[in-house]
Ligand SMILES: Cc1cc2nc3c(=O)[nH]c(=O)nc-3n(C[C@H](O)[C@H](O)[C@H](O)COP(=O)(O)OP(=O)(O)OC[C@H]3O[C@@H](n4cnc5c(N)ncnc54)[C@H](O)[C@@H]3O)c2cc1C
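Let's start with one chain on its own, the form predicted on its own, as C-alpha cells.
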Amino acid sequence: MSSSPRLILVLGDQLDLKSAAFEDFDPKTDIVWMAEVSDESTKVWTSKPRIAVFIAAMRHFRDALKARGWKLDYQEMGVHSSLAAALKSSCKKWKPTSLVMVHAGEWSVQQEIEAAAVEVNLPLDVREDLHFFCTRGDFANHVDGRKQLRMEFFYREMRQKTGVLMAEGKPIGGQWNFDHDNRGSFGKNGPGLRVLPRRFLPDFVTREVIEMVKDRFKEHPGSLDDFDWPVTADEAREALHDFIQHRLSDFGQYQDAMWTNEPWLYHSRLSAAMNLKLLDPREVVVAAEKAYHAGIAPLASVEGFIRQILGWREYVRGVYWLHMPDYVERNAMQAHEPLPPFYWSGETDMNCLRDALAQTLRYGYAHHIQRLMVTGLFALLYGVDPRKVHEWYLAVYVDAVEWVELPNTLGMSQYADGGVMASKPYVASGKYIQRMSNSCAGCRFDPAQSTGPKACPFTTLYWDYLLQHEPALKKNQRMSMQLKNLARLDDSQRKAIQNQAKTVRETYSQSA
C-alpha cells in the first residue's frame, strides 16, 4: 500500500460504512473527505428541514468515522461555497495521489467533481454504488431491446433475481402484485388509534445543526420546531423496527389514504434514511419479508411495501441515469405556468393543498399520494413548468436526492417525459381527493362542481386539462374512458370550464 494519501470522497447522501469507497481503505494513510457547502442549499431554495437532515446526518457520520480512528478532512458550513472549491482546497493541502468516490446521486454533482479532479490533475476512481440491488449496467441490460419501459416487468425481474417473496420460482400468493387490495380509504371514522412513529429527539450535535440552519438559512422556507428524523444508522434501524412492528400490517390497505392533520398514518418514514444511505434497502426488504413469514403483516401489505423499494425505487434510479442530462429539460405537455406562490407559504383556500403544504413545510415530508395526487396533481392540471415543480420537490422534502426525486416528479407526477415513467398522465378531479381523504368536508369548494362559485379548482382544471390536451390524449388508450366523459360536454359547458380555469389561474398566480 502506498504511503501517500488518497482522498476518499463522501457526499452527503453516501453515509454508508459499507460503501465501496471504503473497500480498500488504509487507515494509516487514506483521508476521508467531507464538506458542507452552501451551494447545495441555495441552487434550489432548500427548506430548513432538508438542510438540517443532511448536515446532521453528515456530522454524525463524521463522528462515527472518528470513533474508528480514521483520518478526516471535514469542512463545516461557511468554509467553502461549492464542492469543487472545497475539494481543490483539500487537494492543495494534502497533495493526495488520487481521489476515490462512489458515483454521485446527482448528475451535476458528478460532473462538478470530475471537472475538479481534472483541474487538480488527479486520477478519480469512481465506483459503483453497492447500496442498490440493481447496478446501472444491469438496468441498461434490462432496457436493451425494449420499445417501452414498465416498472412492473422490471419489478418481476428483480423478484426473480433476488428470490424475495418467491417460492419454487413463483411469486408467493400466486400473483406478483396485490395493488388492488391496497387502495383503501379510512371512511368517516378516520384512521383510528395506532402507535405513532418512533421519534428521535435532537442530541447535542443535531441541536447545533438546527441552530446553525436557523441562523445561516433563516430566509429559507420550512420549520425546525418538530425536527425528529433519524440521523444515524442506529436510529434508522430503530425506525425500521418500529415500522415493522406497529404499522406495516396496515400499510398496504391504507397506503393511498389521507387524513387532515395526520402526516404519518401507516407510512414508514424510512425514505430519508435510505436515501442518505444510513439504512440498507436489503435490510429493509428482509425485515418486511420476515414479518410476513412470522405472521406480523399480511402478504398484500408486505408485497406493496417491498414493491416500493425493490421495484419502484430501483426503477426510478435506472430511469434517471438512463436519460440524464437532458431528462430535466423535458416538457412533453408544454406546460409553462409559474409555480403558484402558495406552494412556499401553504396559504391557500383549498383544504387538501393547505394541509399537504403546511405538513410539507413543517416536517419536510408528505407521503406519496399527497405528493402525486394533491401537490403534484394541482401543478399538473394548473400547467406549471415541470422544471419548476421539480425544483420545488427537490427543495422541500427531506428524502429528496435528484436521482429519485426528478423522475418521480417530472415523469410520474407531471408526465413531462411523455410516458417514460408512467403509461398515462395521473389526472383526476377533486372527487378522487374526496374519496381518499376528509379534506373536502368543510372546504368552501365542491369537488362535484367544475363551474360556478363553489367549483373545486381541481375539478375545473381537470376538465380544462382534458380539453387542452384532447388531441394528444386520444393517442393513449388508457385515457379513453376519461375522454368519453369529456365528449359528453357540449360547447357551452366546455367554454364555461375554460373561462373558469382562466379565472383559477389568474387568482392563484397572485396569491401569496
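Residue numbers here begin at 1 and follow the sequence given. Predicted model only: the values in this text are computed from it and were never measured.
Here the subject shifts to the form predicted together with this ligand, a form of this protein not shown in this document.
- Remark: residue 246 does not count among the residues lining this ligand in the predicted complex, judged by a heavy atom distance of 4.5 Å or less.
- Residue contact with this ligand in the predicted complex: residue 308 places a heavy atom within 4.5 Å of it.
- Put simply, residue 316 is close to this ligand in the predicted complex: some heavy atom of it is within 4.5 Å.
- This ligand in the predicted complex comes within 4.5 Å of a heavy atom belonging to residue 271.
- With this ligand omitted here, the record of contacts in the predicted complex names 261-269 of 175-183, 70-78, 318-326, 261-269, defined by a heavy atom within 4.5 Å.
- Checked against this ligand in the predicted complex, the candidates 103, 368, 198, 330 yield a single residue with a heavy atom inside 4.5 Å, and that residue is 368.
- Contact with this ligand in the predicted complex, judged by any heavy atom within 4.5 Å, is made by just one of 412, 278, 87, 381: 412.
- Annotation for 393-415: interface residues with this ligand in the predicted complex are 393, 399, 400, 401, 404, 405, 408, 409, 412, 413 [heavy atom within 4.5 Å].
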